[in-house]
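Take a look at this single chain in structure tokens; it is the form predicted alone.
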């Protein structure tokens, strides 16, 4: 096997951080399987060619396994004659477990099976949350899926469908958790399995679950349906731990790094080194809890906040999710069923009213939030925030007339 010269790729290995080029070269140079050596060699050759010409040469297409319409990202090379071993370099998306909990046995089994059928390249995890098994030809996709499906793993979403869900490590490892993240994750994904595997929506729809407002899975800016754990009573304060933190770090450190960094000035440090919290003005930014986790913790009246419409750049730019359910308790099975039913209503409304290649947030921007809320059966609430108010002046001279119009519309609708 003649190795391709890759002078431009070699430069990517010169920095202080690990390079993906180094990983591909290890597969090319050190893997005992010649098929993998040849696949990754031509992959590097095509990538070098792309850098030289400043063009991409992968094109999509249609590819699936039996019974599934999504889950595989087809990649066919337009320069396959020049790099024949990477002519087909498809990606299979496999759904991860809730909270990304794996056993070492499963990880080794994945690696062994992928080296049997694919290139050996794996990404944990892609932007959608899937395990990305990168680099297989068309004949190998069915065999790899059959093996991993046999021991309990399933394809994720690809195309205009419900995509793979994500949840944070949650209450299993995190003291800030305010909900059962993994139960929410599994209930939603199990309920919408058919919508994951058989693309039938105008565009993709994503679920993401974070156990607290730290939002470690970035659901607010990446999920059409973002579940955030929160609390609605007072933050819990252990005053002895506050005093211990002041004694260890000093008053100046606590004032500079906790008190003055509260965005709503809801914290104050007393002369006796105790902490006062103006809970009415606390916006759950989590900064003080992260800096002083022994002293401060979430309250006891826990639940979730639901936001809708977050996404990355597409038609109208990046969007954060809009709060549509300020607080929801999840204490009983009926509560969880209500959450799933709400998700069903939103996906049905999205399927019927969105334009092709339009995300939920863009649909809401186009039709208006009030129309969306009426369509999915949610009452309007003053706590539904798109973004914080940036001007302190609010006109109130026409509020009564607008309120009368809204009540009239509600009565007409029955």
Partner chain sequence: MEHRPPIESGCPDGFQYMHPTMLKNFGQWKYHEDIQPGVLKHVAKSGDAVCTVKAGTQRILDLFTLRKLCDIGDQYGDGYVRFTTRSNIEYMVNDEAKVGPLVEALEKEGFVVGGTRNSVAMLSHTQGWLHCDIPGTDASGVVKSMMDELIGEFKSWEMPNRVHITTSCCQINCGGQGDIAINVQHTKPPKINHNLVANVCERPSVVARCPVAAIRPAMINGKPSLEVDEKKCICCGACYPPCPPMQINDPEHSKLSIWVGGNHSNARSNPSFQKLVASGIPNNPPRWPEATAIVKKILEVYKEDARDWERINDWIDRIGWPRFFELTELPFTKFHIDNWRGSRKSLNASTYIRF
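Remember, it's a predicted structure, so these values are computed and weren't measured experimentally. Residue numbers count along the first chain shown, from 1. The term rigid core refers to the maximal set of C-alpha atoms that superpose within 1.5 Å between the two forms.
What comes next is about the form predicted together with its partner chain, which does not appear here.
Shown alone, this chain has one stretch from 324-332, 337-345, 311-319, 267-275 that lies within 4.5 Å of its partner chain in the predicted complex by heavy atoms: 311-319. Residue contact check for residue 200: none of its heavy atoms lie within 4.5 Å of its partner chain in the predicted complex. Interface membership of residue 247, defined by any non-hydrogen atom within 4.5 Å of its partner chain in the predicted complex, is ruled out. The shortest heavy atom separation between residue 140 and its partner chain in the predicted complex exceeds 4.5 Å. With a 4.5 Å cutoff on heavy atoms, residue 162 does not count as touching its partner chain in the predicted complex; it lies far away. This chain is drawn without its partner chain; in the predicted complex, the residue among 89, 205, 83, 231 with a heavy atom within 4.5 Å of it is 89. Contact residues in stretch 138-156 (any heavy atom within 4.5 Å of its partner chain, taken in the predicted complex) are 142, 145, 146, 149, 150, 152, 153, 154. Here residue 354 does not count as shifted, since its C-alpha moves by less than 2 Å between this form and the one not shown after the core is aligned.
Once both forms are overlaid on the rigid core, the distance between the two CA positions of residue 27 between this form and the one not shown is 2 angstroms or more.
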